[in-house]
Structure formats: C-alpha cells, structure tokens
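Below you'll find only one chain, the form predicted alone, shown as structure tokens.
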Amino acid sequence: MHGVAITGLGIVSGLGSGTEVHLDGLRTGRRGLHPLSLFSLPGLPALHVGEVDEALVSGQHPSRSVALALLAARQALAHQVLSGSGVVAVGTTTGGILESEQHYLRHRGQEGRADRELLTYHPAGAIADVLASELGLSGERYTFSTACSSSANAIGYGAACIRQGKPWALAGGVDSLCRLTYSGFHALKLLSSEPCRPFDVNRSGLSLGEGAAFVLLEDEEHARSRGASVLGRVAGWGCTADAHHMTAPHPEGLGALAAMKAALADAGVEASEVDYVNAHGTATPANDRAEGLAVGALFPSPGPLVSSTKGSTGHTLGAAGAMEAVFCVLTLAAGFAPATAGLSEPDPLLPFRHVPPGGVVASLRVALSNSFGFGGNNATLVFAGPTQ
C-alpha cells in the first residue's frame, strides 16, 4: 500500500512527553486525568482533565500552547535537517487564549501596557509562525481551526501537499487548557464529574485535555534517499461538514460516515481491510451514539477492533486528531491495539468490536482515525504500517 511517508513523531499530553511514554501508557492502561490545577473558576468544580505536567513546559515560552507545540514538533524533527521549501500545518481551536485571559483578568479590558506581550500569541496563526521561526523551517504556513477535527485536517492537508510535490510537511496540532473551553463545555453540560468513560453504558460526558502532537511527512523516495526511516504512512484523508447543529452531531452519523468513506476511497482501501479504528469516542452520549451508527453502517460484522484513547488523554480538542494519528502509527508499528481506558460495561447500543481490557497483540496493517467536531466538522485519516 502506498502513501505519504511519516518519518517523525512527537507528542505531549497528560500522559507525559514522547512516544515511548505514550505507548507504555496505552499498553498499561494508565490514565493521565487528574483534577484541574492550572487555573480555577469561581463556582465551578475542578474536574478531571488531561493536564500536562508543568515541569515539561515551565519557562519554555510565554505562551503555553506554543511551548507545547515546540516540545512535540522538536520531537518529530529529532534534529533532522530539512532542505527546500516545505509546509508547516497546525490545527488549533484556542491559540494563545490562555494568556489573553490572564491579561483580561488583570486589566479588565484596559490596555495593560506593561504586559501586553501576553496578547502576542492570541491569534491562532501565531503558533505556525513561531514554529517556523524557532525551528528554522522555510516554507508555507497554514492554520486549521475546524473544531475538534483541526489537526486531523492539518495532517491530511500536509499529506496532500507532499503528493503535489512539496519535499516535507510538519503537520499536527495543539491546544492548551483555558478558561474559555472549560467554562464553555461546563455550560453545555458536556463535562463528566469523573474521569470519562468512552462507550460505557454509564458514560456521562467528556474530560478535557491539553497537549500537542506533530508528524513529519515526506515523499517516501525522498525520505529513503536521505536515509530516513519510514515509521508509517498517511494513506488517505476525508473531510465533510454535515452542519446539522452548532454543537451536536448528526444523530444518524451521516457526516461521520461520509468522511470515513471519503478517506477510504482516497486511500484505495476497502472497509474490510481496516484492522483498527481509533474512534473519536468523546464519552458524550450523543457523540458516541452517532459514531456507533456510522461505524456500524460502514463495516461488515464483526468489523475492525475499535477503541478510544480519550480515556487516557482526555479530549484535547484541536490537538486530538494529531495525537490520535500518532497513536495509530504507534499501534501499527507495535502490533498492539490499545483498550479504551475507563470502559467497563460497553453500551449494548454501540455496535463496536471493542478492544478487550489489556489490549490486543495482533498483526495490524491499516488503521483509521476519526475526528468529529462542533458544527459537523468531520475528518478521517487512514494510516498504513511501516512495511506496507
């Protein structure tokens, strides 16, 4: 199976930093969810979130989002020297809003000259600019903000650029926790009072998270000519917009189904060839149900192994698609499908072939990753293993 070569991976989340830590976390079922400590909001509880250890980002950059992005991007590059003009593609939903909030709380909308540098990184596009500058990357810069599918679309677009002749693409996403998203999801009554339980019959909502993940993409021939190892491949990308509702998915999962079909068609892969699905799996009743209907409509019984990794990291919003892309590459390379952390009693209405507790060791060739966002912004990526 052909595709765009993945030659670098980087990730940071509530589980820690680096691919080894994350693969170990998936194998052992460790959960990176703890009571919120980054900030407090009057009248709101400190629920479990996937908060990154402060020691990993402290003093690295004035913007927490930029610090997270730099940490993951440097891992993906791993000191590799990239020649030519490539692409930097970043998915995010909140940019530097955490620091903007801090400025507002200090000055209540006044100018605040002494610390107005806190506003420098407010625009979502600032992250891609800083990455290019700090990492010495020459090329075009793109920012995707399509809710929770943002970084999946960034990776899909990066792969499309490689197909069109670009020598390399650094693609991924980042979001930090901030008051806006925490209070917003709380107002929507989507946050769980306990660590989230995707697909569980007693699930009660999502757990927010933060972090960053990036992949380095190249034409395979170009990668091998410079001696780079191919870790996996982006084989296909599909994106749709069902526009059913501002926050709720289409109840029958029609947009999700269309995105999966488009990604498989782009990859030239039949549904029966998919071995593992990293589901969007937010643990909200509506999202899990809609995705279940879409997956059930696409895959013949018994279907591929399915799990959600958000029980381990929380829902990292704009970074989720990139994080789960890294998980898919690790899964294929290791021949290990992770179980859904927090799932104890599967909802009988969800037609999934759940990965059993402890995970499954198996020969896996093709993985599909779903990212479905507010407003019906759906994206699916298809990954192939390193030996295809």
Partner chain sequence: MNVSILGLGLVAPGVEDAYRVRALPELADSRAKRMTRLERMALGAAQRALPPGMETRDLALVFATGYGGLASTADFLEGIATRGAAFGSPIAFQQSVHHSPAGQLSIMLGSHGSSLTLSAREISGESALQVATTLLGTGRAERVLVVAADEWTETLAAGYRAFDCSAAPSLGEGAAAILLGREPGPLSVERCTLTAHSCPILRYPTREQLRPLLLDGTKPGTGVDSVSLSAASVAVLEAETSVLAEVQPPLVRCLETAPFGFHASAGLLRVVAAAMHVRASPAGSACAVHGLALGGGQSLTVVRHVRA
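For clarity, every value in this text was computed on a predicted model and none was experimentally measured. Numbering follows the first chain given and starts at 1.
Although not depicted, the form predicted together with its partner chain is the subject of the following passage.
Closest heavy atom of residue 109 to its partner chain in the predicted bound form, within 4.5 Å or not? Flag for residue 109 set to yes.
Does at least one non-hydrogen atom of residue 247 fall within 4.5 angstroms of its partner chain in the predicted bound form? Result yes; residue 247 sits at the interface with its partner chain in the predicted bound form.
May I ask you to check whether residue 144 falls inside a 4.5 Å heavy atom distance of its partner chain in the predicted bound form? So residue 144 counts as contacting its partner chain.
Proximity of residue 163 to its partner chain in the predicted bound form, heavy atoms at 4.5 Å: Residue 163: contacts its partner chain in the predicted bound form.
Thinking of 14, 75 and 201 as one candidate spot, does its partner chain come within 4.5 Å of a heavy atom in every one of them in the predicted bound form? No, none of 14, 75 and 201 comes within 4.5 Å of its partner chain in the predicted bound form.
Mind telling me which stretch in 168-176, 232-240, 288-296, 75-83 gets its heavy atoms within 4.5 Å of its partner chain in the predicted bound form? That would be 232-240.
Of 129, 219, 194, 252, which residue is found within 4.5 angstroms of its partner chain in the predicted bound form when only non-hydrogen atoms are counted? Contact residue from the list: 129.
May I ask you to list the residues of 262-280 that have any heavy atom within 4.5 angstroms of its partner chain in the predicted bound form, in sequence order? Heavy-atom contacts within 4.5 Å come from 266 alone.
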